[in-house]
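Starting off, we have a lone chain in the form predicted alone, written out as structure tokens.
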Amino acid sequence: MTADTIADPRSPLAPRRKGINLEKWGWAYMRASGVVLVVLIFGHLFVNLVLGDGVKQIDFAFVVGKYASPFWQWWDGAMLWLALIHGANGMRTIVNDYVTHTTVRRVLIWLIWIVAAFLILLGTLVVTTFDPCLGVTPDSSLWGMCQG
């Protein structure tokens, strides 16, 4: 082949790696999680902003009532996990596209996943262990509710 000919696009320039293609699965995850996130987010917005009194209803009591239901804990937990992993995967893609130095790219990608894991851990703890009576004192307006 001479220098002025174009290689056949179906012929590999480098041997293909064996094993799991993480880029392909990352791409598929972005599409699937994006579709599910649209449903979760619009459901979240509809319940919080359209039903009832709209945005005026959102206060501590609204959150207490919502998180008393396992359904809303799962809904918000799924939204949290999908959104954070989706965002971290998107940031990873941007870093892969624009950071040329290998070491800097690896460090940034590790930091992205560490921060995402930390936020998922904290968010999951809040959603699953939310207790409105934690730290309530007798002079609090929640005292009567928490005593029953």
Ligand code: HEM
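Quantities reported herein were computed from a predicted structural model and do not represent experimental measurements. Numbering starts at 1 and runs along the sequence shown.
From this point on, the text means the form predicted in complex with protoporphyrin IX containing FE (HEM), which you will not see here.
- Protoporphyrin IX containing FE (HEM) in the predicted bound form comes within 4.5 Å of no heavy atom belonging to Lys66.
- Using a 4.5 angstroms limit between non-hydrogen atoms, Gly52 is distant from protoporphyrin IX containing FE (HEM) in the predicted bound form.
- Residue contact check for Asn48: none of its heavy atoms lie within 4.5 Å of protoporphyrin IX containing FE (HEM) in the predicted bound form.
- Although the partner is absent here, Thr93 is a contact residue: one of its heavy atoms lies within 4.5 angstroms of protoporphyrin IX containing FE (HEM) in the predicted bound form.
- The partner is absent here, but in the predicted bound form a heavy atom of Leu37, alone among Leu37, Leu119, Ala61, Leu111, sits within 4.5 Å of protoporphyrin IX containing FE (HEM).
- Of the stretches 100-108, 53-61, 82-90, 119-127, only 82-90 has residues with a heavy atom within 4.5 Å of protoporphyrin IX containing FE (HEM) in the predicted bound form.
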